[in-house]
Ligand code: HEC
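Below you'll find only one chain, the form predicted alone, shown as structure tokens.
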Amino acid sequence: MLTVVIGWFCGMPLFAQEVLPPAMKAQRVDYCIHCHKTLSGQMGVAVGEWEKSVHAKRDDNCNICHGGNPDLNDKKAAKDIKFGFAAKRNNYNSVQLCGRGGCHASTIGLFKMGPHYVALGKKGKPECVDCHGAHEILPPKVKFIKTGVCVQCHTAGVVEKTIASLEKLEQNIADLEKNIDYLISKNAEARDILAKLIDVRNLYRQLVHVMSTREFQHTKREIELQLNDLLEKSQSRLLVVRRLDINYVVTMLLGFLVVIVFMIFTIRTFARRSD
């Protein structure tokens, strides 16, 4: 029990694991991708999934997670132990792979503070890929959570309630982002709201990765209060901006109307003089 408590607060590993060395970037042709595209089954499908991911957009290729030397066009040599090859899932969990070389270090630090990291050491579940996927890793959203993994330890009712709570927070964050984007497009003041939104996002990231019962209720309430305040502020400013827009349109219409009336008056005046 003491080990668990220390692990929660210090983020220390609760089970033995090998520290993986940083992986190397491909300098020329990435032979990992080149080779796996020719393979059948999951070994080939993985490349297609990866090409849709945020990792592909950042040019983070296979070896960033799995190690190996992508510059070698030799399957055996590229997977030499000296290149930190770590593709076998039975030897490594995704927390180790996602954290190698310092990647996602802060997020993994949060995960290690919660009960799911303890469960990973005891049961082998849950790990990063259970929520984020293995290869087709997309921007994190609640809808990507695989409830089948959650119900192995939690009741379906608890899982549904938790996901509904997270979806509501995500929707409120998205609404606030739209308000901020609109204010910025109108050159209205939004920097203070944006700065606080960054803090809210960090709290949300903490919420979904620590995910202890106590942490969830406390942090969720804090996020809700901050979001409600920020939404109210942003909506008040939106009203002001929209009123100014209406005033601008009305002023332009009135000005246009005055010009038209003046032109009609001028034309009629010249017409009378001509008579």
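All values reported here derive from a predicted model rather than from experimental measurement. Position 1 is the first residue in the sequence shown; the rest follow in order.
Below, we refer to the form predicted together with the ligand, which is not included among the displayed structures.
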- Item | Single option in C35, I223, L231, L238 placed near the ligand in the predicted complex, where near means a heavy atom within 4.5 Å | C35
- 4.5 Å heavy atom contact, K75 to the ligand in the predicted complex: yes
- Query: L227 near the ligand in the predicted complex, any heavy atom under 4.5 Å?
  - Reply: no
- Message: I'd like to know whether A164 contacts the ligand in the predicted complex, with contact meaning heavy atoms within 4.5 angstroms.
- Response: no
- Message: Whether G101 contacts the ligand in the predicted complex should be assessed with a 4.5 Å heavy atom distance threshold; does it?
- Response: no
- Query: What residues, if any, in 197 to 223 have a non-hydrogen atom within 4.5 angstroms of the ligand in the predicted complex?
  - Reply: R201, Y204, R205, V208, H209, M211, S212, T213, F216
